[in-house]
Every structure is written in structure tokens, then in C-alpha cells.
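What follows is one chain in C-alpha cells, specifically the form predicted on its own.
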Amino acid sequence: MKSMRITHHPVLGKLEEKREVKFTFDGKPFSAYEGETIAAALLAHGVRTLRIHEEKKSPRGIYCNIGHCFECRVRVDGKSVVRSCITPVTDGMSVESGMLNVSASMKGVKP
């Protein structure tokens, strides 16, 4: 997928290149720049839905982008309720959306 990441700013010019790291989201490979948050890296690749609301089944993604609303929560390396908007990507990180857990809970299976 083509990256939506900004590499040239109209006022600041060409932005500094950073070291690239690899991670997965729901088993699919993605890349990010070192220090970038999970949410920013996924948004740069066009991923806007990070989970599904538990009751309403509506898509959820970045809302406040400062860690207050928890709308962007994902599972990281097996740890639940990680706010993707304030958590930096690390090399080899495994990120899962809430979509798999919602499907499992609907069938009466604990995630």
C-alpha cells in the first residue's frame, strides 16, 4: 500500500529521514519510523479503524490522539488496552485490533 506519510512540508521543506522499524497489525506487515506512534504509523498506511465498539459494533480509531479517550486501544504483544496514539512502535511489535476480541466475545469465548 502506498504510504500517506508526509515527507515534504510546504514550510519546513524535506523532513528528516528516520530509521525504519517493522511491525505487524492483525498479522499483516507494516513499517514505521522509529519514535512514531502505532496510530500514526497505521494512519500513514491508510488504516483508520483500530477496533470495533463492543456494544454498537461501530468502527473506532483515533479520536483525541492524546491518550484520554481510549478509542484507539489495541492489543500489543499480548497486552490488552494499549493506547495506540501514545505508544511508540518498536521493531518486531505485534499489534492486534479489537476486532478479533469482539468476534470471540460474541461467541461466548473469552479473548
Partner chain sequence: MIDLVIVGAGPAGLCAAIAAAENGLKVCILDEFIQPGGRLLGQLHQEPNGYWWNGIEEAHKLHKKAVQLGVDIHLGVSVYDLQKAEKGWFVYSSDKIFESMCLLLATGASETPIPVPGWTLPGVMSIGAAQVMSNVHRVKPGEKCVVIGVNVLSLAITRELQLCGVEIEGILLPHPNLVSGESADPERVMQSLLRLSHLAPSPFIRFGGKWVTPKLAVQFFPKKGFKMWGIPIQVRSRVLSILGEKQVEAVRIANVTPSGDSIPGTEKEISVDFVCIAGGLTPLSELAAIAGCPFQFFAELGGYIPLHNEYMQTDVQGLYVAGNITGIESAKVAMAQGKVAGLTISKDLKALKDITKIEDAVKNVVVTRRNAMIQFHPGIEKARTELYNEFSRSRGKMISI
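Here the structure is a predicted model, which means the values were calculated and not measured. Positions refer to the first chain, counted from 1.
Same protein, other form: the form predicted together with the partner chain, not shown, and the subject of what follows.
When contacts are judged by a 4.5 Å heavy atom cut-off, residue 31 does not count as touching the partner chain in the predicted complex.
Taking the partner from elsewhere, residue 49 is found to have a heavy atom lying within 4.5 Å of the partner chain in the predicted complex.
Shown alone here, residue 9 lies within 4.5 Å of the partner chain in the predicted complex, counting heavy atoms only. At the 4.5 Å threshold, heavy atoms of residue 66 reach the partner chain in the predicted complex. Interface residues of 58 to 92, taken as those with a heavy atom within 4.5 Å of the partner chain in the predicted complex (partner not displayed): 59, 60, 61, 62, 63, 64, 65, 66, 67, 68, 83, 85, 86, 88, in sequence order.
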